[in-house]
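One chain comes next, on its own, written out as structure tokens in the form predicted on its own.
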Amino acid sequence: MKTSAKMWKRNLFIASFIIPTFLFFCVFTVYPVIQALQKSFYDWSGMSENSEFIGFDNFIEMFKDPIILTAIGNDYFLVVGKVIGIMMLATFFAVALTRFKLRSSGFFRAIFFIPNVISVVVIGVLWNFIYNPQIGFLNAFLSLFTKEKVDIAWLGFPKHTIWMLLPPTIWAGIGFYMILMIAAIVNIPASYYEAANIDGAGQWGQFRHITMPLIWEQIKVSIINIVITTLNGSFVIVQLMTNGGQPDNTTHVMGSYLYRMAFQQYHFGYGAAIGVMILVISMITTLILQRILRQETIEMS
């Protein structure tokens, strides 16, 4: 009886933490998803009381919309660019600040982490000034090496403007993932590296055979997190830096196109269908990534 009472109290204690969180999850995540799925089957402006059930027409219209293909392509372009850029730089700086024992490692950690405490809005405005053709830092810097003043409109090329969104998004993400890598690397016993040194392994060999396998879990989590946040969160930087997909709708991502259709053109049912598409794409991509990145975890003894 005493054991049963203890188990009941234990379960009650656990439930007191889980149930409120689960309720919040249902109210703020599950319910909006169900609502979006329902609205995607209606022709609704988002403002009117009247809406018409049209079945899969929004989805059929979406598959015929050329901007949707551009937006999906841009989403995956940013995903690939950010994963490569952030993971390479974050891992490199994490290894440099831990293994090479730099004197000012604390200072550099703080410098790299600063973009993570700055609002995305501020980052977008800051990089807009950097790219500005008249007063921007980038043109001013390039002008130092030319006879004439450089006045390139970096955000004005339909085919290449999406490339200009990569530097700010990569810069903004390095610090967080670098700290994650550092936390994993400092937990690797120094005896592993000492034994590798005795065996004559160089820095690259130690990184390849000791560091990488032992921080693989952190790398995997980081990649999946970058992919999910990019597919769902690139809207803000696109909206700020390219005025929502300009020039000529070539820089739209799914999020920015959803915002335009739902809240600027009042085609809310269509916007809801785009939201459902984002959810499906994110889930499929995450499942595929988890399968690709599946690798036996190496534990430290």
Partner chain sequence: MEKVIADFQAANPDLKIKQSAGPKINEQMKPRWIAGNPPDFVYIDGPELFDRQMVTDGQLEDLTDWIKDAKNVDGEKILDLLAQKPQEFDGKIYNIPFVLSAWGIFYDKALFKDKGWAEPKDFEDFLATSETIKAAGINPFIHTGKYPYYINGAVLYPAIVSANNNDYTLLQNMAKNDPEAWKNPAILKALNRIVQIRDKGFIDKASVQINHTDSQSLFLQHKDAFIPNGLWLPNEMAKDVPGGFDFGFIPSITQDKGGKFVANTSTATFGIAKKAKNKDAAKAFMQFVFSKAQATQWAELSGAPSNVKGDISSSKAPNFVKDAARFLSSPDTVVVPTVSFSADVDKAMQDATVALTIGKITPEEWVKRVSDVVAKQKK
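These numbers come from a predicted model, not from an experiment. Residue numbers count along the first chain shown, from 1.
The next section is about a form of this same protein that is not shown, the form predicted together with the partner chain.
- Which residue among L78, L155, I226, I174 has a heavy atom within 4.5 angstroms of the partner chain in the predicted complex? Selected option: L155.
- Message: Quick check for you: of 244 to 252, 52 to 60, 228 to 236, 24 to 32, which stretch puts a non-hydrogen atom within 4.5 Å of the partner chain in the predicted complex?
- Response: Correct option: 244 to 252.
- Decide whether S48 counts as a contact residue for the partner chain in the predicted complex under a heavy atom distance cut-off of 4.5 Å. Yes, S48 is a contact residue.
- Consider D151 of the chain shown here, and say whether it contacts the partner chain in the predicted complex, taking contact as heavy atoms within 4.5 Å. Flag for D151 set to yes.
- Message: Quick check on P133: any heavy atom within 4.5 Å of the partner chain in the predicted complex?
- Response: Yes, P133 sits close enough to the partner chain in the predicted complex that at least one of its heavy atoms falls within 4.5 Å.
- Message: Just checking whether A36 would be counted as a contact of the partner chain in the predicted complex - the rule being heavy atoms within 4.5 angstroms.
- Response: Result no; A36 lies far from the partner chain in the predicted complex.
- Query: Though the partner is not shown here, which residues of 247 to 270 have a heavy atom within 4.5 Å of the partner chain in the predicted complex?
  - Reply: Result: P247, D248, N249, T250, R260, F263, Q264, Q265, Y266, H267.
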